[in-house]
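One chain is shown next in C-alpha cells, namely the form predicted alone.
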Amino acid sequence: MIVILKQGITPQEKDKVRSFLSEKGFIVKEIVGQQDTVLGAVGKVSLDPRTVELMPGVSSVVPISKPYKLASREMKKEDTIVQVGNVKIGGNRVAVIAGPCAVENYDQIMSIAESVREAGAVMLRGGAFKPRTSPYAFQGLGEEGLKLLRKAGDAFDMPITSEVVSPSDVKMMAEYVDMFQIGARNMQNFELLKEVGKTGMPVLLKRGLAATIEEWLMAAEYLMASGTDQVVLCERGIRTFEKATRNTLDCSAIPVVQKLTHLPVIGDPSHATGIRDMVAPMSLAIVASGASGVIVEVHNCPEKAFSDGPQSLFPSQFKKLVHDIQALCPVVGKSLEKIPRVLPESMKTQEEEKKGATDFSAVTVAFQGVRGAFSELAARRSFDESVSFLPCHSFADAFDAVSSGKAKYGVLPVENTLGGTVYDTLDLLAMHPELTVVGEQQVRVMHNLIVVPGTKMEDIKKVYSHPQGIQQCRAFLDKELPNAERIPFFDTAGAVEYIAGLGDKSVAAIAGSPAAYYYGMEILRQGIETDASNYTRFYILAREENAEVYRSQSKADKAALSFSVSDEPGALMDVLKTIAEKGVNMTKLESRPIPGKPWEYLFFVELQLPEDMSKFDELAEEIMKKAVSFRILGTYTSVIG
C-alpha cells in the first residue's frame, strides 16, 4: 500500500505511522516526491487500509495493484536516479558504460579503460566471473580480475561494474565493485538476488533470455525487497526464432517499462546483436527509445579477445559512437552524462576536496525567463538535481547575478537554428569581461498548445506566446485556430504562467512541456511547430574562479573569441587568414557595433580547438598582434548537432 502523508505531518506522527506498519510486518520505505511524501509499505501481511487512514498525519491510503510493489510507478511517480560513485543514471541523462567482455590481463584492461574514458564513457565494465555456455570456454580471472578492474577504474576515475555469479562471492565482490551486475542467466536466481540486495549497493539487472517484462520487474522487486533501491534495468535482447542476430533487441520494451516502473532502463546492444557492425545503430535505437544509457563491449584487439570478440567495438568505433549519441541526445530531450577529469591538487579548494570536484550542492544557476522556460530546461540538463535555479527577468539580470556572485553559473541562449544569433547574449558578454564561457548546451524547441485543464479546441479565442513561438507555429494556428487572436508575450513559459493565473478556458499558450507541468496546465496538442529542426544553443557562463570546476567534466574542444581591428583595408582579412593558416576551423563569425564608437565593430568567432593546444596558443598570440583588442571568451566542450 501507499500511505500518502499530509503536508503538515509532524516528525512524531510520521514515526508513529512508520512504527505501526513495521510492527505489522511491512517493509516500509519513505519516498519524498515533488508534491507529496509517501510511505510505501509492502509485505505478505494483510491490513485494513482504514486502520492506517485514520491515523494522525495520514491523508489517504492507496493500494498497489501491481505484483511488483516497490518497483512500480504507483509507488513512486518520479524517476529514480541511481548514483554509482560519481555517476548518475536516470532522469534526463544518458550514461555510457564500456569495457571488455572479460578482464584478461593488466595491460589489456588499462589500455581499454584509458581509451573509453577519453572517448566519453563514465563507467568501466569488465567480467571477472564469466558464466559460459561451454564448460571449456574462458571462465574469467576471478578475484584477480576484479583487482585489475579496480586498478583501472581508480586510475581513470571511473566507477566499475562486474557480473556476480554465485551468492558466495557477493561479500568478496562488494569490496571491489561499485555496482553489481546480474546477468541474463541469473535474472531469476532468487538466492543470488537476495544476497546482492542485502548489500544495499547499486545493481545492474539484465533481462532474462526469455523473460517477460513482468518477470523482469519481479526480479527487481527481489532486489528492492532485500535492501537496495538502486536498481538499473538492462534490456539485452531476448531469444526468439530469428537466427540472423545473436538475440532480438526488444527496443519496444524500453518505453513500456518506463511507464510501469520508476527505475532507469539502459540497453546492451553488444549482447543483443552479437555483431560488431550492428552495435552502433542499435545503440542509437536504444537511446531513441528513451533509455537512460547503453553498456557496450570494447576491446583493443577484438580478434584476440578471450570472449565475445566479434561483438566488441574497436576504440575508434566506440569514440564515433559516443559522438553520435551526443548528437542524438537533444532530439530525445536528454544530455550525455559526464564525470570530471581529475583536477590537479593545486586547483582544488578545501571545500572541493571534501565534496568532490563537481558536487554542485548549494550551487545556484541563473537563467532568463520564468520557471518552466526552455532556458531552465537547458540549465537542468547542464547540472545535476542538487542545484538551485534562479529565474531572472532579463538577460542583463542573469548576467548580473553571475557577476555579483548571487549565482555561480548562468545559462543563456546564444543561437537558434531558425532565428539565428541571440545578440543580447553576445553584447552582454562583451560588457562582462569577468565572465567566461565554460560550457554549452543544446535544447530542441518543441512547442505545445497549453490550456487550462478541461479546455477544448473550440473554446479557444486567444493564443499567447513569444512572437517567435507564434511565428514558428503559424501553420498549425492557420489550420486549427484560424480565428483565434494571436497575442505576443515576453516569454513562452511566461505566457503559460499568465493563462494559469487567468483560469480562463478561452485562452491558450504556446510553450514547452515543462511549463505546462510546472503551472499545472494541460497540453492539448503536442509538437505543433512547423519546422521540427528547431534547436537553441546555450552558453554556460561563470566567473573565472568557478570555471575550472565545470570545465573539468570533459576535455574542451571549442573556443569563443572576440576581437576588433583597425579601420583599414584587409585588417579583418588578415586575422581570418591567420586562423586559416594555423589549420584551425572557424565555425561561427558575427559582428556587433561597439557602444560609443560609431561604425566600429567587435567580431565574435567560434573555433574548433586543435588536438595540440600549443597551436591555439600560437594562434592567440598572432591575433593579439594584429587586432586592436582581443579576448578569449572561453574554452569548452561543444554540443554536437
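Because the structure is predicted, anything quoted here is derived from the model rather than measured. When you see a residue number, it is the position in the sequence shown, counting from 1.
We do not show the form predicted in complex with phosphoenolpyruvate, though everything after this point is about it.
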Notebook entry, point to check: Okay, which stretch from 441 to 449, 521 to 529, 396 to 404, 178 to 186 lines phosphoenolpyruvate in the model of the complex, with non-hydrogen atoms inside 4.5 Å?
Noted result: 178 to 186
Notebook entry, point to check: Ok, 381, 271, 551, 262: which has a heavy atom sitting within 4.5 Å of phosphoenolpyruvate in the model of the complex?
Noted result: 271
Next item on the list: Would you mind picking the one in 558, 537, 76, 130 that has a heavy atom within 4.5 Å of phosphoenolpyruvate in the model of the complex?
Entry: 130
Notebook entry, point to check: Taking 4.5 angstroms as the cut-off for heavy atoms, does residue 376 touch phosphoenolpyruvate in the model of the complex?
Noted result: no
Notebook entry, point to check: Closest heavy atom of residue 299 to phosphoenolpyruvate in the model of the complex, within 4.5 Å or not?
Noted result: no
Check: Taking the shortest heavy atom distance, is residue 408 within 4.5 Å of phosphoenolpyruvate in the model of the complex?
Finding: no
Notebook entry, point to check: Taking the shortest heavy atom distance, is residue 466 within 4.5 Å of phosphoenolpyruvate in the model of the complex?
Noted result: no
Notebook entry, point to check: Are there residues in 210 to 247 with a heavy atom within 4.5 Å of phosphoenolpyruvate in the model of the complex, and which are they, in order?
Noted result: 236
